[in-house]
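For reference, the chain that follows is the form predicted alone, supplied as structure tokens.
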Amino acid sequence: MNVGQPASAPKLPWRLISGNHACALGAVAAGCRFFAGYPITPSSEIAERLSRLLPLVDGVFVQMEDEIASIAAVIGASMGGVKALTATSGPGFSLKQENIGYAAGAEIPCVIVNVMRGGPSTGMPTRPAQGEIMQSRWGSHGDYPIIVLAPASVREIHDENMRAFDLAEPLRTPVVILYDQDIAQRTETVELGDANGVARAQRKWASGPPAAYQPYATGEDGIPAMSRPGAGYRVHTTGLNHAENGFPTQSPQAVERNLGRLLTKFERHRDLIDSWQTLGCDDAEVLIVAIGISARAALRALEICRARSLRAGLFRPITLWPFPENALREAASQANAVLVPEMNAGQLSLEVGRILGGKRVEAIHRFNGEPITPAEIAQRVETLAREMNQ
């Protein structure tokens, strides 16, 4: 997948910015006009930038008293019809989980940025980690769908933040943008597209007679139309299981129908959601699967491996959840083994092993705050290749 700008596109000014700065720019370009957050390392630069940028576009920036209030304010702003964002790091992301589940269940679009740092608890606020891979999918209680995007460069943070809003709004869902401290505070020279005049994805707004409106009734796309504030449509919004009319219900048939629709609504839109990058997979003997700064190291490791006549390939999920399972199976079809370098005690490797059942899956686990190096990845690939050829 080409994540850069097409060669034929007009040249634009280069900018030297950090990942968090790019995140703020991407949000504004996507039409975000409300931010509520609470300072926390290493995401605070996002709030700092948006405190300056949003007033310039008639947006609103609010520093809340804590992380719980921040996500609650974002949900309220979104229900009022505004594209809304919050940003945090590990401890704050944990505090937001109940309301993230509420937004998923009530189908309220919003975007949550989580800049991962060392954990558990307060952990290492200024060191990178990748410990929220599973929490980003399963952090709240119960069964619910969510989209998680995992950019791996400054430019990609900008672009994936824009795409996050383009998924959250029409699909009525929270979208999490997940990247590590190294990418967040890394400074790179990038060429950003001009979003002026670009039509961004919008919500499906209610139309027709207000008396006939049901806030959770859907058509073939599985996405209910939202009521625009002040348009005269009566809405009851609750975190309880609800019927098509929005009111709470414990009817097994109604719950099965509506929760079942909620849990499967992404499957009809995987062509919009799924995104990944592959490199050197056609003849790969060992496939590397990685995200974030570990994927950046893996790119260099591929160069080292190929120079040593080691056939290694890379699969990088950009959409982390729902996981692009079919694409991974195809990328791994020629490989004899899979290597997952990740900065945690073992999370992404569990999902890869589940998807590629029967395939040899090994991992490099690092949780001391130091990134995994290209040399370490290349050495493990060489060891795997040697063991398989014995």
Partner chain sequence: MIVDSASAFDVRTYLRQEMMPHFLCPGCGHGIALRALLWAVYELGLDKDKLAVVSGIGCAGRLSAYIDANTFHVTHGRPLAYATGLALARPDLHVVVITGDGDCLAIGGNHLIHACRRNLKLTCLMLNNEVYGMTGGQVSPTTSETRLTTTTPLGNSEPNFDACTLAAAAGASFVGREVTHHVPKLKQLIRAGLEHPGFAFIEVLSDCTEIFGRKNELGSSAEMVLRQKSELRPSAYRDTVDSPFRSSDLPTGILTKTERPEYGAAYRTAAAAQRARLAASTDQNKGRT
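Numbering follows the first chain given and starts at 1. Nothing here was measured: the structure is a model prediction, and the numbers come from that model.
This protein has a second form, the form predicted in complex with its partner chain, left out of what is shown; the following refers to that one.
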**Request:** Report whether the minimum heavy atom distance between Ala69 and its partner chain in the predicted complex is within 4.5 Å.
**Result:** yes
**Partner proximity in the predicted complex: Arg306 to its partner chain, non-hydrogen atom cutoff 4.5 Å** = no
**Prompt:** So in the predicted complex, does Gln334 come within 4.5 Å of its partner chain, heavy atom to heavy atom?
**Reply:** no
**Prompt:** Is the gap between Trp276 and its partner chain in the predicted complex 4.5 Å or less for some heavy atom pair?
**Reply:** no
**Partner-proximal stretch of 338 to 346, 53 to 61, 354 to 362, 320 to 328 relative to its partner chain in the predicted complex, 4.5 angstroms, heavy atom** = 53 to 61
**Complete:** In this chain shown alone, the residue from Gly230, Pro252, Gly208, Gly219 with a heavy atom within 4.5 Å of its partner chain in the predicted complex is Gly230
**Prompt:** Considering its partner chain in the predicted complex, which of Ala152, Leu302, Leu178, Ile75 comes within 4.5 Å of it through any heavy atom?
**Reply:** Ile75
**All of Ala29, Glu191 and Ala201 with a heavy atom within 4.5 Å of its partner chain in the predicted complex** = no
**Item:** Sequence-ordered list of residues in 17 to 53 near its partner chain in the predicted complex, where near means a heavy atom within 4.5 Å
**Value:** His21, Leu25, Phe34, Arg49, Arg52, Leu53
